[in-house]
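Given next, in C-alpha cells, is a single chain: the form predicted on its own.
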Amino acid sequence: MNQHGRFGPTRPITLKILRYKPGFIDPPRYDTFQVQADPLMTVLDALEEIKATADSTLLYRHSCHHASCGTCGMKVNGREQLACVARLVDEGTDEVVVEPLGSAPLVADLVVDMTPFALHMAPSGMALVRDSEFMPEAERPAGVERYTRYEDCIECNICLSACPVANTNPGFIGPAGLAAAYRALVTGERPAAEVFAYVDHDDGVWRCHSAMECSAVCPSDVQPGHKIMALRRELVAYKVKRFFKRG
C-alpha cells in the first residue's frame, strides 16, 4: 500500500541483497527485505533502515553520504553505482537487487577487499592532492605555502568492477591505475620513462579492450577509458621517438 513519507508519496520496494559470511552464511545467498521508498530514498538509506530495523548483521561500507568518499560502491540491479546517490525509485522496478562489486575478493555481504585496488593505484603515483591549477595569481593567506586540489578519482573501485578485463585477469592494472598513471605523466609528477615502464606490458595499457565500461560507470567523470587511450598514444609516440633517436 502506498503511503506518504517525509519527501513525498512512498511505495513498497523489495531489496534482494546478496549475503555472505564465511562460516555463517556460506555459500552466498540472497535475502529479501521490503522498505517504503519515497522519491528521495537511496539504496544506502534503505540499507541503513534494514540494518536498524530488520537485520543488524548486514554489512556494507559507507561514510560521507554524498558521493565524495567512494566507499559505498556496489552493484544495483547489475550496474555499478554509489549507493548513497542511487535512488530506489530511479530503478523503475519494485525489486532491486543489491550485490557487492566484482573484480575484488568478497569479504562479507556487500563488503569487498580493496587491497588489490590499492596495490595497483600506489605504483601509478596517485596522490590524494596536487598543486592547484586554478587562480595562480591569488594571494595566499598567511601560513599557506601553496594551494592544493583534490583529485577527481574517489577510489571507489567501481571502474574495476565494471571492467570485463579486470573481472577475468586480476593482474591487470585496471582503469583507475592507468588513468592515474596518465595523470602523473601529463602533470609531470613522474618521469615519462618511469610511467611507461609501469604500464608497458601485457597486464598494463595493452590489456585494455576499449570496452569503455569504466568511463560509463565512473561517478566522478574521470573518463578512465579515454585516458587509457591517450596513454597508449603517448606511449607509442615515446617509442617512435626513441627508435629514431637510436637510429
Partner chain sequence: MAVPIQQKSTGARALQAWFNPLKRSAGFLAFVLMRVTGIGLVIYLLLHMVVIGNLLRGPEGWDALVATMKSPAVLVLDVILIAGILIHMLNGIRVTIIGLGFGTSSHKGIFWTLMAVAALLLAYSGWLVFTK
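Positions refer to the first chain, counted from 1. Not measured: the values here are computed from a predicted model.
Not on display, but discussed next: the form predicted together with its partner chain.
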_Each of Y60, S63 and E155 having a non-hydrogen atom within 4.5 Å of its partner chain in the predicted complex: is that the case here?_
no
*asked:* Going by heavy atom distances of 4.5 angstroms or less, which of V222, A67, A184, V35 would be at the interface with its partner chain in the predicted complex?
replied: V35
*The unique member of C84, A162, V96, I173 whose heavy atoms fall within 4.5 Å of its partner chain in the predicted complex*: A162
_Is R232 near its partner chain? Define near as a heavy atom within 4.5 Å, in the predicted complex._
yes
*Would D31 show up as a contact with its partner chain in the predicted complex if we use heavy atoms at 4.5 Å?*
yes
*asked:* Please tell me whether any heavy atom belonging to G78 falls inside 4.5 Å of a heavy atom of its partner chain, as the geometry stands in the predicted complex.
replied: yes
*asked:* I'd like to know if K21 sits close to its partner chain in the predicted complex, meaning any non-hydrogen atom pair within 4.5 angstroms.
replied: no
*Interface residues of 184-222 toward its partner chain, as seen in the predicted complex [heavy atoms, 4.5 Å]*: H209, S210, A211, M212, E213, A216, V217
